[in-house]
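Only one chain is given next, in structure tokens, and it is the form predicted on its own.
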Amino acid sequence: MSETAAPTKTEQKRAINRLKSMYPLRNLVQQDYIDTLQASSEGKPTVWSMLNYWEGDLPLKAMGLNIVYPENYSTLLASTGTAEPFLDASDSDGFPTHMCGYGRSTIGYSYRMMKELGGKIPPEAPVGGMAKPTLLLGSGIICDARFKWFQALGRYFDAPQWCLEMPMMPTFEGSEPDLEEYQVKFLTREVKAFIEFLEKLLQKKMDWARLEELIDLAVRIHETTWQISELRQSVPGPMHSTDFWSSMPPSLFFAGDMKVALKLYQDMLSEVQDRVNNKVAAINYPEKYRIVFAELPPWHSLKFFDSLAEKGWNFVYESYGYHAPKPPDLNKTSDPCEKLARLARNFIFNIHEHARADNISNPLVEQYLRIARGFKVDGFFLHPLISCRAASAGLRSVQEFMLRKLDVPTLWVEGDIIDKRVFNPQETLARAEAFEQTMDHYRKVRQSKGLGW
């Protein structure tokens, strides 16, 4: 295991060595909220959108609509310590406490805005809050709570709702080679139907040239972020998970101006490459353990990772669902709707195809096995959530396969993405200290088996 020299007192400003290029990317997201509030004050339509893996994002942008993402805003509520009253408001309106934390906080925000404040933005809402939506764009992708949660917002808003779909299928059936074109046709119809809906709703035509331009930017952004992810395999790890979580919305949601986002990601690529060249670690302590975080983070307690960094824990990869994969070849077609279909399909089915090739039924397991080998991982920090079955159901299989296939142990820590009342940092830190002995043991086991790290 490669180690870096301990920092001097002057250098030791904080445990995690943050990337300078992360900060302007993080700020792009806040600008989206400000722009949407301004558009709403001018009487322009605004959209609340669910993460849809790019089927709907680019048509909305091409039509000139301002978009905010409640899932992303929920992380802001949690990280600023302002989520609790919104969670309580959701509970008081009859929604279950074990429901998705993103959903609970969004519903609570909507309840506060429309039922308690007569349409006004709650005063405790950070960065000015989310403007009242004139369109709700839901999604049936991955999580069974997602389209029902946006449907439930009809209690509060008199706004039309559209739900985008994805042909979610088991690994072996879904990755049959002759099914790809069927899946692309299905998604192309989804995109075209959504655009037709937008044109009728807004009484304006799609700007197809603008949509083509945005698709090209999307491909370049995803290519750049994929290159950054590949560089993170270096030892010591050059980029910490907290920097990834802070900077990923312009890639995952295409937040902000996409031309600006591309330039900022190119700056990040250069900074990470420079760290790799100069063996600069993402933590200001010797890198003792290389860790993968799976799957959704405790947004309310990100400072907890500073405590682990002080102990030499470097989180080198994380949360597959937030990573845009290497984009597919979109030169097969000139139809922008089909291009969007192929871009969206690639997120779901590229890992299915890898899993099929390795005869593994769970694509998340196969993905993390590849990550563990490529990133020379010492352990996994698994974060199961009672409020998110989709992100948690496969983690027991990840735990089993890591130990059985690669002798990589896992730390199992239950918590929540938004509700800090169900996460205990002190207890988790104590368990992490004990887990170091387990990682030390299995490092010796891997070396005795010649596994390469």
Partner chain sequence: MAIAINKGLSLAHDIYEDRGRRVRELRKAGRKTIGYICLYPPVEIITALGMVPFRIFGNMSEPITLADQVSTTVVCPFLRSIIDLGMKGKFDFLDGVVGAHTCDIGAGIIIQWRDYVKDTPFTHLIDVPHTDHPPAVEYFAGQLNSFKRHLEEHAGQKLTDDKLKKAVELHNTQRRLVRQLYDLRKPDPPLLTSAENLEVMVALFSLPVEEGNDLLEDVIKQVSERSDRPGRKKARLLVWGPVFDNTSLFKLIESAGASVVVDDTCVGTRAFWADVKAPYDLQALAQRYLVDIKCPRTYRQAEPAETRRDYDKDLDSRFNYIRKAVVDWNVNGAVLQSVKYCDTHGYEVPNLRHYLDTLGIPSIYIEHDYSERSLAPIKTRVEAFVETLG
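Here the structure is a predicted model, which is why all the values come from computation and not from measurement. Numbering follows the first chain given and starts at 1.
What comes next is about the form predicted together with the partner chain, which does not appear here.
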Answer yes if any heavy atom of residue 190 is within 4.5 Å of a heavy atom of the partner chain in the predicted bound form; otherwise answer no. yes
Do residue 161 and the partner chain come within 4.5 Å of each other in the predicted bound form, heavy atoms counted? yes
Is residue 116 near the partner chain? Define near as a heavy atom within 4.5 Å, in the predicted bound form. no
Taking the shortest heavy atom distance, is residue 362 within 4.5 Å of the partner chain in the predicted bound form? yes
At 4.5 Å between heavy atoms, only one of the stretches 25 to 33, 419 to 427, 62 to 70, 392 to 400 reaches the partner chain in the predicted bound form; which one is it? 392 to 400
None of 81, 123, 96, 374 but one has a heavy atom within 4.5 Å of the partner chain in the predicted bound form; the exception is 96
Considering 316, 283, 296, 100, which brings a non-hydrogen atom within 4.5 Å of the partner chain in the predicted bound form? 100
Counting only heavy atoms, which residues in 147 to 161 are within 4.5 Å of the partner chain in the predicted bound form? 147, 148, 149, 151, 152, 154, 155, 158, 159, 160, 161
